[in-house]
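What follows is a single chain, given as C-alpha coordinates, in the form predicted on its own.
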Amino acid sequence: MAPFQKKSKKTKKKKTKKFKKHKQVSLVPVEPKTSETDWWDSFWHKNSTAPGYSVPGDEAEGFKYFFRVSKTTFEYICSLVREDLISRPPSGLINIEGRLLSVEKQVAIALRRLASGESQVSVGAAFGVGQSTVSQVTWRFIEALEERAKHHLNWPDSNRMQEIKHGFEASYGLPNCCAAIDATHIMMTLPAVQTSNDWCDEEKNYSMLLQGIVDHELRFIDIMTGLPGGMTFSRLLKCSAFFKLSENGERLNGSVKTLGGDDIREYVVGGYSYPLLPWLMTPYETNNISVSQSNFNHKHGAARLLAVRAFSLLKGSWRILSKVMWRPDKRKLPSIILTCCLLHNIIIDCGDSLHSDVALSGHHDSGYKEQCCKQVDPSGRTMRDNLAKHLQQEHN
(Lines give C-alpha, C1' and ligand atoms only; values in the text may rest on other atoms or scores of the structure.)
Protein backbone atom coordinates (compact mmCIF):
# COMPACT_ATOMS: atom_id res chain seq x y z
CA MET A 1 0.00 0.00 0.00
CA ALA A 2 2.87 2.39 0.75
CA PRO A 3 3.96 3.03 -2.89
CA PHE A 4 0.50 4.35 -3.72
CA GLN A 5 0.98 7.14 -1.15
CA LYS A 6 4.09 8.56 -2.76
CA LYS A 7 3.87 11.68 -4.86
CA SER A 8 4.18 11.38 -8.64
CA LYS A 9 3.35 13.27 -11.78
CA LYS A 10 -0.31 14.19 -12.28
CA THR A 11 -0.92 11.69 -15.05
CA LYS A 12 0.62 8.83 -13.12
CA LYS A 13 -1.18 9.86 -9.92
CA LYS A 14 -4.58 9.59 -11.59
CA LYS A 15 -3.82 6.14 -12.92
CA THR A 16 -2.55 5.01 -9.54
CA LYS A 17 -5.72 6.15 -7.77
CA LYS A 18 -7.92 4.34 -10.26
CA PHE A 19 -5.90 1.17 -9.96
CA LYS A 20 -5.92 1.33 -6.16
CA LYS A 21 -9.67 1.77 -6.06
CA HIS A 22 -10.23 -1.02 -8.57
CA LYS A 23 -7.91 -3.32 -6.63
CA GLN A 24 -9.78 -2.83 -3.35
CA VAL A 25 -13.16 -3.50 -4.90
CA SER A 26 -12.30 -6.52 -7.00
CA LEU A 27 -9.58 -8.37 -5.12
CA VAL A 28 -10.33 -7.96 -1.39
CA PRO A 29 -13.51 -9.75 -0.26
CA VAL A 30 -15.29 -8.23 2.74
CA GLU A 31 -16.06 -10.46 5.71
CA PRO A 32 -19.73 -10.75 6.68
CA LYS A 33 -20.77 -8.32 9.43
CA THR A 34 -23.46 -9.08 12.00
CA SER A 35 -23.52 -12.87 11.56
CA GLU A 36 -19.74 -13.29 11.42
CA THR A 37 -18.63 -16.08 13.78
CA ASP A 38 -15.63 -17.47 11.90
CA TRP A 39 -13.26 -15.08 13.68
CA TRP A 40 -14.27 -16.51 17.07
CA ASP A 41 -14.07 -20.15 15.96
CA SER A 42 -10.61 -19.53 14.56
CA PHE A 43 -9.47 -17.55 17.62
CA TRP A 44 -10.83 -20.15 20.08
CA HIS A 45 -9.22 -23.05 18.23
CA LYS A 46 -5.87 -21.25 18.13
CA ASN A 47 -5.75 -19.77 21.64
CA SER A 48 -7.87 -21.91 23.99
CA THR A 49 -5.00 -24.34 24.54
CA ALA A 50 -2.12 -21.91 24.06
CA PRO A 51 0.61 -22.11 26.74
CA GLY A 52 0.55 -19.40 29.39
CA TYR A 53 -3.25 -19.14 29.61
CA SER A 54 -5.63 -20.76 32.12
CA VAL A 55 -8.61 -20.79 29.79
CA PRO A 56 -11.91 -22.24 31.10
CA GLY A 57 -13.07 -25.30 29.23
CA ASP A 58 -16.56 -23.86 28.73
CA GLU A 59 -16.59 -21.80 25.55
CA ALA A 60 -18.89 -19.06 26.92
CA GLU A 61 -16.62 -18.61 29.94
CA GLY A 62 -13.63 -18.77 27.62
CA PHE A 63 -15.05 -15.86 25.61
CA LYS A 64 -15.38 -13.85 28.82
CA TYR A 65 -11.86 -14.87 29.85
CA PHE A 66 -10.35 -13.37 26.72
CA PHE A 67 -12.59 -10.32 26.26
CA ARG A 68 -14.00 -9.66 29.78
CA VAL A 69 -17.57 -9.53 28.48
CA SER A 70 -20.25 -12.06 27.56
CA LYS A 71 -21.20 -12.54 23.92
CA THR A 72 -24.40 -10.57 24.54
CA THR A 73 -22.50 -7.59 25.95
CA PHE A 74 -19.97 -7.94 23.12
CA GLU A 75 -22.77 -7.63 20.57
CA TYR A 76 -24.06 -4.52 22.34
CA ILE A 77 -20.60 -2.92 22.23
CA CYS A 78 -20.39 -3.73 18.52
CA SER A 79 -23.75 -2.02 17.98
CA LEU A 80 -22.42 1.15 19.65
CA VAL A 81 -19.34 1.47 17.44
CA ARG A 82 -20.46 -0.26 14.24
CA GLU A 83 -21.37 2.89 12.31
CA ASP A 84 -18.07 4.57 13.12
CA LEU A 85 -15.94 1.53 12.30
CA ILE A 86 -17.75 0.96 9.00
CA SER A 87 -17.66 4.61 7.93
CA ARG A 88 -13.90 4.95 8.48
CA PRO A 89 -11.73 3.96 5.47
CA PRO A 90 -10.64 0.33 5.95
CA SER A 91 -7.30 0.81 4.16
CA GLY A 92 -4.74 -1.62 5.52
CA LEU A 93 -7.10 -3.37 7.92
CA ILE A 94 -6.73 -6.84 6.46
CA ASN A 95 -5.84 -10.20 7.94
CA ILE A 96 -3.23 -12.65 6.71
CA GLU A 97 -5.73 -14.08 4.20
CA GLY A 98 -6.14 -10.67 2.58
CA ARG A 99 -9.71 -10.13 3.80
CA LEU A 100 -11.05 -6.92 5.31
CA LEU A 101 -11.73 -7.17 9.02
CA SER A 102 -15.34 -7.33 10.17
CA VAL A 103 -16.56 -4.95 12.87
CA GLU A 104 -16.79 -7.91 15.27
CA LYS A 105 -13.16 -8.85 14.71
CA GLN A 106 -12.02 -5.24 15.11
CA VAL A 107 -13.88 -4.95 18.43
CA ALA A 108 -12.43 -8.29 19.57
CA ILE A 109 -8.89 -7.15 18.75
CA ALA A 110 -9.36 -3.88 20.66
CA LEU A 111 -10.94 -5.57 23.69
CA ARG A 112 -8.17 -8.18 23.81
CA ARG A 113 -5.49 -5.48 23.67
CA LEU A 114 -7.15 -3.54 26.52
CA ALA A 115 -8.01 -6.63 28.56
CA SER A 116 -4.67 -8.42 28.36
CA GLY A 117 -2.24 -5.52 28.27
CA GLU A 118 -0.13 -7.75 26.00
CA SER A 119 2.00 -6.23 23.26
CA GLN A 120 0.47 -5.35 19.91
CA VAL A 121 2.64 -8.06 18.36
CA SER A 122 1.24 -10.75 20.70
CA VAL A 123 -2.35 -9.63 20.21
CA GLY A 124 -1.86 -9.48 16.46
CA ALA A 125 -0.44 -13.01 16.39
CA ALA A 126 -3.51 -14.31 18.23
CA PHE A 127 -5.77 -12.89 15.50
CA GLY A 128 -3.56 -13.28 12.45
CA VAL A 129 -3.00 -9.56 11.90
CA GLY A 130 0.03 -7.30 12.07
CA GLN A 131 1.14 -4.94 14.82
CA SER A 132 0.11 -1.82 12.90
CA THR A 133 -3.38 -3.24 12.38
CA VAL A 134 -3.78 -3.84 16.13
CA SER A 135 -2.67 -0.25 16.76
CA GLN A 136 -5.09 1.22 14.20
CA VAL A 137 -8.03 -0.94 15.23
CA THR A 138 -7.57 -0.28 18.95
CA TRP A 139 -7.37 3.47 18.53
CA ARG A 140 -10.37 3.61 16.18
CA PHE A 141 -12.36 1.60 18.72
CA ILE A 142 -11.31 3.92 21.55
CA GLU A 143 -12.35 7.02 19.60
CA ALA A 144 -15.70 5.47 18.68
CA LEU A 145 -16.58 4.20 22.16
CA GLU A 146 -15.50 7.46 23.77
CA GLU A 147 -18.09 9.22 21.62
CA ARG A 148 -20.88 6.62 21.51
CA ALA A 149 -20.90 5.37 25.13
CA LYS A 150 -20.98 8.72 26.97
CA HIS A 151 -24.34 7.87 28.49
CA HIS A 152 -22.73 5.03 30.47
CA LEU A 153 -20.69 7.43 32.62
CA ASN A 154 -22.48 10.48 33.94
CA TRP A 155 -23.61 12.10 37.17
CA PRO A 156 -26.93 10.55 38.30
CA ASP A 157 -30.19 12.45 38.07
CA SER A 158 -32.25 13.00 41.22
CA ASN A 159 -34.22 9.76 40.90
CA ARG A 160 -31.11 7.66 40.39
CA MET A 161 -29.37 9.47 43.23
CA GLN A 162 -32.18 8.44 45.57
CA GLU A 163 -31.53 4.80 44.65
CA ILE A 164 -27.82 5.24 45.32
CA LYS A 165 -28.39 6.90 48.70
CA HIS A 166 -30.81 4.16 49.68
CA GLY A 167 -28.17 1.58 48.69
CA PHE A 168 -25.48 3.18 50.86
CA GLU A 169 -27.80 3.51 53.86
CA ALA A 170 -29.15 -0.03 53.55
CA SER A 171 -25.67 -1.58 53.27
CA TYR A 172 -23.57 0.70 55.48
CA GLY A 173 -26.00 2.71 57.59
CA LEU A 174 -24.77 6.01 56.14
CA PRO A 175 -27.68 8.41 55.56
CA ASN A 176 -27.54 10.72 52.51
CA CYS A 177 -24.25 9.19 51.27
CA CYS A 178 -23.96 9.55 47.49
CA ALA A 179 -20.66 7.93 46.50
CA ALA A 180 -17.12 6.86 47.42
CA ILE A 181 -13.99 8.53 46.03
CA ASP A 182 -10.45 7.28 45.45
CA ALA A 183 -7.56 7.70 43.00
CA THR A 184 -4.92 5.49 41.42
CA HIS A 185 -1.68 5.73 39.45
CA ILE A 186 -1.45 4.56 35.82
CA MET A 187 2.19 3.61 35.15
CA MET A 188 4.03 4.75 32.04
CA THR A 189 7.56 4.90 30.67
CA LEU A 190 8.36 8.25 29.09
CA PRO A 191 11.06 8.97 26.52
CA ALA A 192 14.04 10.74 28.10
CA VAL A 193 13.19 13.99 26.33
CA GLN A 194 9.73 14.09 27.98
CA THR A 195 10.64 13.16 31.54
CA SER A 196 10.05 15.71 34.26
CA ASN A 197 9.63 15.84 38.02
CA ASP A 198 5.87 16.47 37.58
CA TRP A 199 5.32 13.03 36.07
CA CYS A 200 7.65 11.34 38.54
CA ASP A 201 5.61 10.39 41.60
CA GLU A 202 6.55 9.74 45.23
CA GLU A 203 7.66 6.17 44.41
CA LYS A 204 9.95 7.40 41.59
CA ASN A 205 7.62 6.00 38.92
CA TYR A 206 6.34 7.93 35.93
CA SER A 207 2.57 7.87 36.14
CA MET A 208 -0.73 9.57 35.36
CA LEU A 209 -3.46 9.91 37.98
CA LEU A 210 -7.04 8.74 37.70
CA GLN A 211 -9.65 9.97 40.20
CA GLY A 212 -12.87 8.00 40.33
CA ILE A 213 -16.17 8.46 42.14
CA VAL A 214 -18.30 5.31 42.36
CA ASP A 215 -21.83 4.43 43.41
CA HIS A 216 -23.03 1.56 45.61
CA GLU A 217 -22.88 -0.85 42.65
CA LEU A 218 -19.21 -0.09 41.81
CA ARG A 219 -20.21 2.03 38.82
CA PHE A 220 -18.06 5.07 37.99
CA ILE A 221 -20.24 8.19 38.01
CA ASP A 222 -17.43 10.72 37.62
CA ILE A 223 -13.76 10.48 36.66
CA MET A 224 -10.84 12.87 36.34
CA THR A 225 -7.58 11.97 34.59
CA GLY A 226 -4.75 13.41 32.53
CA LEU A 227 -2.76 14.97 35.37
CA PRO A 228 0.74 13.86 36.44
CA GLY A 229 1.34 11.31 39.19
CA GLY A 230 3.50 13.70 41.17
CA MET A 231 0.38 15.47 42.45
CA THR A 232 -1.25 14.56 45.77
CA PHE A 233 -4.77 13.14 45.72
CA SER A 234 -6.07 16.24 47.52
CA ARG A 235 -4.52 18.48 44.87
CA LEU A 236 -5.97 16.30 42.12
CA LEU A 237 -9.39 16.65 43.73
CA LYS A 238 -9.13 20.45 43.77
CA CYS A 239 -8.25 20.46 40.06
CA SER A 240 -11.37 18.49 39.17
CA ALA A 241 -14.69 19.80 37.90
CA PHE A 242 -16.34 17.68 40.60
CA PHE A 243 -14.67 19.79 43.32
CA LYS A 244 -15.65 23.09 41.72
CA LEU A 245 -19.26 21.98 41.18
CA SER A 246 -19.56 20.68 44.75
CA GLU A 247 -18.00 23.81 46.25
CA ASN A 248 -20.39 25.99 44.22
CA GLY A 249 -23.44 24.00 45.32
CA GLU A 250 -24.10 22.56 41.86
CA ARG A 251 -23.45 18.99 42.99
CA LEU A 252 -24.32 17.15 46.20
CA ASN A 253 -27.06 19.73 46.60
CA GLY A 254 -30.05 17.40 47.01
CA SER A 255 -32.44 17.10 49.91
CA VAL A 256 -31.06 17.51 53.43
CA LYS A 257 -31.92 14.91 56.09
CA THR A 258 -32.70 16.04 59.61
CA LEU A 259 -31.69 13.44 62.19
CA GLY A 260 -32.08 14.18 65.90
CA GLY A 261 -32.23 17.88 65.16
CA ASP A 262 -29.03 17.79 63.06
CA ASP A 263 -28.96 18.48 59.34
CA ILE A 264 -27.14 15.86 57.21
CA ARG A 265 -26.50 17.09 53.67
CA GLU A 266 -25.41 14.96 50.70
CA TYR A 267 -21.77 13.86 50.74
CA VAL A 268 -19.20 11.37 49.46
CA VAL A 269 -16.75 9.29 51.51
CA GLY A 270 -12.99 9.28 51.02
CA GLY A 271 -9.80 8.22 52.80
CA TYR A 272 -7.11 10.08 54.72
CA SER A 273 -5.73 11.37 51.40
CA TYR A 274 -8.61 13.83 51.14
CA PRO A 275 -9.56 16.98 53.05
CA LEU A 276 -12.50 16.85 55.46
CA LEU A 277 -15.17 19.04 53.84
CA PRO A 278 -18.91 19.58 54.40
CA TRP A 279 -19.55 17.33 51.37
CA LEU A 280 -16.55 14.93 51.74
CA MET A 281 -16.36 12.77 54.86
CA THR A 282 -12.99 11.34 55.88
CA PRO A 283 -12.22 9.02 58.83
CA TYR A 284 -11.23 10.12 62.33
CA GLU A 285 -7.58 9.75 63.18
CA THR A 286 -7.26 6.53 65.15
CA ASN A 287 -5.39 7.92 68.16
CA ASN A 288 -7.58 8.20 71.29
CA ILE A 289 -10.92 8.07 69.49
CA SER A 290 -14.27 7.54 71.17
CA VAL A 291 -16.59 4.59 70.70
CA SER A 292 -18.88 6.61 68.41
CA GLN A 293 -15.91 7.77 66.33
CA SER A 294 -14.61 4.20 66.03
CA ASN A 295 -18.08 3.05 64.96
CA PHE A 296 -18.17 5.82 62.34
CA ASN A 297 -14.75 4.77 61.01
CA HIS A 298 -15.94 1.16 60.69
CA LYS A 299 -19.02 2.03 58.63
CA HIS A 300 -17.25 4.74 56.69
CA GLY A 301 -14.36 2.38 55.87
CA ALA A 302 -16.68 -0.33 54.58
CA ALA A 303 -18.37 2.16 52.23
CA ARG A 304 -15.05 3.65 51.13
CA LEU A 305 -13.84 0.19 50.10
CA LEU A 306 -16.33 0.32 47.23
CA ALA A 307 -14.03 2.75 45.42
CA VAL A 308 -11.01 0.54 46.20
CA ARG A 309 -12.83 -2.50 44.81
CA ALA A 310 -13.94 -0.61 41.72
CA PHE A 311 -10.35 0.35 40.90
CA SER A 312 -9.12 -3.19 41.58
CA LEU A 313 -11.73 -4.52 39.15
CA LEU A 314 -10.98 -1.80 36.59
CA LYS A 315 -7.23 -2.37 36.55
CA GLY A 316 -7.62 -6.14 36.87
CA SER A 317 -10.12 -6.39 34.02
CA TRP A 318 -8.37 -3.99 31.67
CA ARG A 319 -4.78 -4.96 32.33
CA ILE A 320 -3.43 -2.31 30.00
CA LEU A 321 -3.97 0.04 32.98
CA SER A 322 -2.07 -2.10 35.48
CA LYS A 323 1.04 -2.62 33.37
CA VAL A 324 3.71 -0.09 32.54
CA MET A 325 2.77 1.38 29.17
CA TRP A 326 5.80 1.91 26.97
CA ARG A 327 6.13 5.50 25.85
CA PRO A 328 2.41 6.34 25.84
CA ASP A 329 1.20 9.48 24.15
CA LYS A 330 0.17 11.68 27.08
CA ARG A 331 -2.61 13.13 24.94
CA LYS A 332 -4.01 9.69 24.09
CA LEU A 333 -3.62 8.00 27.48
CA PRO A 334 -6.64 9.80 29.05
CA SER A 335 -8.80 8.42 26.22
CA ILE A 336 -7.53 4.89 26.89
CA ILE A 337 -8.35 5.33 30.60
CA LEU A 338 -11.82 6.72 29.88
CA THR A 339 -12.58 3.85 27.49
CA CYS A 340 -11.68 1.30 30.16
CA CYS A 341 -13.97 3.09 32.65
CA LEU A 342 -16.77 3.07 30.08
CA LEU A 343 -16.30 -0.67 29.49
CA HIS A 344 -16.33 -1.24 33.27
CA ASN A 345 -19.70 0.53 33.48
CA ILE A 346 -21.12 -1.18 30.39
CA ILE A 347 -20.48 -4.57 32.01
CA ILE A 348 -22.47 -3.46 35.08
CA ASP A 349 -25.23 -1.77 33.06
CA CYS A 350 -25.70 -4.88 30.91
CA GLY A 351 -26.08 -7.07 34.00
CA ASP A 352 -22.92 -8.89 33.01
CA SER A 353 -20.59 -10.52 35.54
CA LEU A 354 -16.83 -10.46 35.53
CA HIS A 355 -14.66 -13.54 35.50
CA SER A 356 -13.93 -14.47 39.11
CA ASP A 357 -10.17 -13.96 38.97
CA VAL A 358 -9.90 -10.68 37.09
CA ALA A 359 -9.65 -8.32 40.09
CA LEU A 360 -6.15 -7.47 41.22
CA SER A 361 -5.12 -9.69 44.12
CA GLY A 362 -3.57 -6.78 46.02
CA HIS A 363 -4.41 -3.09 46.35
CA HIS A 364 -4.99 -1.25 43.07
CA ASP A 365 -2.08 1.08 43.95
CA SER A 366 0.27 -1.57 45.27
CA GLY A 367 3.55 -0.14 46.52
CA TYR A 368 2.16 3.28 47.33
CA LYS A 369 1.72 4.53 50.90
CA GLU A 370 -1.59 6.15 51.81
CA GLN A 371 -1.26 9.91 51.71
CA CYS A 372 -2.44 12.08 54.59
CA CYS A 373 -4.23 15.39 54.12
CA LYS A 374 -4.52 17.52 57.27
CA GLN A 375 -7.02 20.01 55.88
CA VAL A 376 -10.17 20.18 58.02
CA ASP A 377 -13.14 22.43 57.29
CA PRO A 378 -14.99 23.35 60.53
CA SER A 379 -18.36 22.69 58.86
CA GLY A 380 -17.07 19.32 57.72
CA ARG A 381 -15.97 18.46 61.27
CA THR A 382 -19.46 19.34 62.59
CA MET A 383 -21.10 17.27 59.88
CA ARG A 384 -18.90 14.26 60.66
CA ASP A 385 -19.58 14.55 64.40
CA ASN A 386 -23.32 14.66 63.74
CA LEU A 387 -23.06 11.57 61.56
CA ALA A 388 -21.03 9.73 64.20
CA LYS A 389 -23.60 10.63 66.86
CA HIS A 390 -26.47 9.40 64.69
CA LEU A 391 -24.70 6.13 63.84
CA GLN A 392 -23.96 5.48 67.51
CA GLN A 393 -27.62 6.04 68.43
CA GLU A 394 -28.64 3.60 65.70
CA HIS A 395 -26.05 1.10 66.97
CA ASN A 396 -27.36 1.33 70.52
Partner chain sequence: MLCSVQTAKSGSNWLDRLRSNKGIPTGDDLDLDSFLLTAHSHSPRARPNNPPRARPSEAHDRPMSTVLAELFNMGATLTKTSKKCPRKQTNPKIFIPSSSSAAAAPSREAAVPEEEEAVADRGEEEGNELKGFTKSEVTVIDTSCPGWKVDKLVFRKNNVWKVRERKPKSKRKSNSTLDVNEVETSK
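None of these values were measured; they are calculated from a predicted model. Numbering follows the first chain given and starts at 1.
Absent from the display: the form predicted together with its partner chain. The rest refers to it.
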I need the one stretch from 156-164, 316-324, 291-299, 232-240 whose residues put non-hydrogen atoms within 4.5 angstroms of its partner chain in the predicted complex.
232-240
Candidate site 247, 338 and 374: all three near its partner chain in the predicted complex by heavy atom within 4.5 Å
yes
Exactly one of 200, 103, 264, 125 comes within 4.5 Å of its partner chain in the predicted complex through a heavy atom, and that residue is 200
Here the chain is shown alone; which of 259, 224, 188, 305 has a heavy atom within 4.5 Å of its partner chain in the predicted complex?
224
Does the 4.5 Å heavy atom contact test between residue 58 and its partner chain in the predicted complex come out positive?
no
Just to confirm, residue 146 within 4.5 Å of its partner chain in the predicted complex by heavy atoms?
yes
So in the predicted complex, is its partner chain close enough to residue 277 to count as touching (4.5 Å, heavy atoms)?
yes
Heavy atom to heavy atom, is residue 62 within 4.5 Å of its partner chain in the predicted complex?
no
